[in-house]
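Given next, in structure tokens, is a single chain: the form predicted on its own.
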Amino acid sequence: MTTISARQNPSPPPAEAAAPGGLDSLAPVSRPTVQDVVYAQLRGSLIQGAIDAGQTLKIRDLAGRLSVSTMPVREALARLVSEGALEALPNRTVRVRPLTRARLDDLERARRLIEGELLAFALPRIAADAAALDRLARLTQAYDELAPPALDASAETADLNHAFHFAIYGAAGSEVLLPIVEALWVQSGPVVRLAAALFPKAEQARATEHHHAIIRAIRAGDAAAARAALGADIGRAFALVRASLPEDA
């Protein structure tokens, strides 16, 4: 009988034996394409309210501003058209969708419904998480501390407002509803832009009153009060814009 020694058939070292489920679970890191970067910038500008409703977007102009070729711009615009934030016109140009009363009503209704659901899902998780509550309070305080001229500029306040809301919605843990809300915010950007210009100067100190009310309701575990405060926060911007439109809009 021939015996096989340990030298002839060495056992694998412990590190190699433990590899499956360890380092083998790592995946290659993907790099964002130029189209992804262009899309993210355009999408962010829409969410911030940096682009007016009805404004035409020219591919060559955007490509020049972003220092890219026209192809990634064209592809990014097509994605935003498919999401409902932009619309393609017959002459092959693209524009931000105009604001009409019917569109305002539809967007506001969708945001109240879906964001209200996410808030209700997230409330018990945030109420039990002191760090999450503290973050909401800090974001609101940072907004409150901005001087009135910064409120008119809206870029910083838009970022803080977005961070506040999505800190709540992200806590709901819904992979289905969160992208829907993100798409609604992209479509709502022009509403936020116009509402910021219409917001009465005398009331700027109350700009975050509904955020404070949401935080109080979360601390109290009161889902109904939280939904009401969120609805009032969403509805204020839409009401300002709706009142500014002509009756036949």
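Being a predicted model, the structure only gives us computed values, none of them experimental. All residue numbers are counted from 1 along the displayed sequence.
A second form of this protein, the form predicted in complex with a further copy of the same chain, is not displayed here; the remarks below concern that form.
Taken together, E83, L107 and L113 are fully in contact with a further copy of the same chain in the predicted complex: each brings a heavy atom within 4.5 Å.
For the candidate set E209, D222, D36, E182, a heavy atom within 4.5 Å of a further copy of the same chain in the predicted complex is found for exactly one residue, namely D36.
Scanning R103, H162, R135, R95 against a further copy of the same chain in the predicted complex with a 4.5 Å heavy atom cut-off leaves one residue, R103.
Contact with a further copy of the same chain in the predicted complex, defined as any heavy atom within 4.5 Å, is confined among 44-52, 182-190, 211-219, 61-69 to 182-190. Contact check for Y143: every heavy atom lies farther than 4.5 Å from a further copy of the same chain in the predicted complex. Though the partner is left out of this view, V176 does reach within 4.5 Å of a further copy of the same chain in the predicted complex, counting heavy atoms only.
Heavy atoms of F121 reach within 4.5 Å of a further copy of the same chain in the predicted complex, making it an interface residue.
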